[in-house]
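The chain below stands alone and is given in structure tokens; this is the form predicted on its own.
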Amino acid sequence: MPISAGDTAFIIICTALVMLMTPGVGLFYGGMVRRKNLISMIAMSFVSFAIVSIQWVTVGYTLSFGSDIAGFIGGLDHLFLNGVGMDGDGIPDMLFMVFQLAFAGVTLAILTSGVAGRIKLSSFMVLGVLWTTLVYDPLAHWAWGGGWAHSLGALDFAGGTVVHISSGFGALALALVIGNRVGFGKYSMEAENVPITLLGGAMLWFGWFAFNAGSALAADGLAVNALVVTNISAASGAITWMLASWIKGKPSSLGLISGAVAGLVAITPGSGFVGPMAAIFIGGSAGLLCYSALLFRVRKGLDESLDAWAVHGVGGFWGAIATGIFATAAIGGVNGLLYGNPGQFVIQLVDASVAAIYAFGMTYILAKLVDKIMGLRVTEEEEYVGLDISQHGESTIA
């Protein structure tokens, strides 16, 4: 297919909007930590994007989209972007490469949830390179680069397993390795700047249109469907999480935006395969499931600080399974359980389970390795004064 000027323009715009999601994560997380760690959380999102930008153009892209090796990883045929130029199928290969770069960048930013307020910047940078190379890149190859999941017939339109299960279960593993924040469970660690979190959430909701619609890789009807179901699922998740939290007290704005993100996460793998009515159920269920996962995490006393596991991990897992239930050939060419194809549900369950186990296990190993060699955690004194000062020499406190 020759290069399409319209499709190229569309994906350029989508790439820019997906990039905006990375600082959106920083603001979303920054508003939920104590003020002394606000700069640190936002900065780690920018650091994530910078690290991935270099990793991706050198080795990440080829490990994800190079020629298949045993269904696990891509070959080195695109090392340092060898053979990645301005030709391609509908859009230039170079544009597809940078669109995928933006996905990898936001995924690493989500991972910071598990270490908020207590990780050394230097250790995070090393871990970020290792994690992107050994966790994200293989998962991307499995789903999109011709790996075993793709060969099995698993459906992941825009990153339910690749982005959300990987970062959510990875954050859980990181939290277990690094341990709880000092004073967790004893002192209040409520969100200190909810308006910043709301702003970050708005940026995520906005950018998610490009995240999902752009994954059609063309300005066509499939992209329109992805955009529509994305918005519906987000709205449904926002309402159900808010209503569920209302039962226990007040309908908080933090619950509203968290539910919206849960709905966005859950619709991501199926946005090119399910219709609007299914999106209502998928998003609404995600709001309830992810809120329940958050309450479970709190009851267990686990400081996965900003709930990437509850929202992205659980939401992504549900979304992958829901795709196997609600997918319809009328939209994406494949039927799910409700349309007479129970095998697709089984495939989705296997894919999500393997992705979760791999992401958790490999992240745990990498975190233990970095901790042993250079230490993951700041000192108790540095944690007390806050990472803004101890890691960046800056402060928002007058």
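Note that the structure is a prediction, hence the values are computed from the model and not measured. Numbering starts at 1 and runs along the sequence shown.
There is another form of the same protein, the form predicted together with another copy of the chain; it is not shown, and what comes next is about it.
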query	finding
Contact stretch among 294-302, 313-321, 137-145, 220-228 - heavy atom within 4.5 Å of another copy of the chain in the predicted bound form	220-228
Any non-hydrogen atom of G75 within 4.5 angstroms of another copy of the chain in the predicted bound form	no
is_contact(I357, another copy of the chain) in the predicted bound form, heavy atom dist at most 4.5 Å	no
Any non-hydrogen atom of G83 within 4.5 angstroms of another copy of the chain in the predicted bound form	no
Contact flag, F326 vs another copy of the chain in the predicted bound form, heavy atom cut 4.5 Å	no
All of H150, L172 and L289 within 4.5 Å of another copy of the chain in the predicted bound form, heavy atom check	no
Candidate from L254, L176, A244, L130 lying within 4.5 Å of another copy of the chain in the predicted bound form - any heavy atom	L254
Position in contact with another copy of the chain when the complex is considered in the predicted bound form, options I232, I119, A104, L155, heavy atoms within 4.5 Å	I232
Residues in 87-111 with any heavy atom within 4.5 Å of another copy of the chain in the predicted bound form	P92, M94, L95, M97, V98, L101
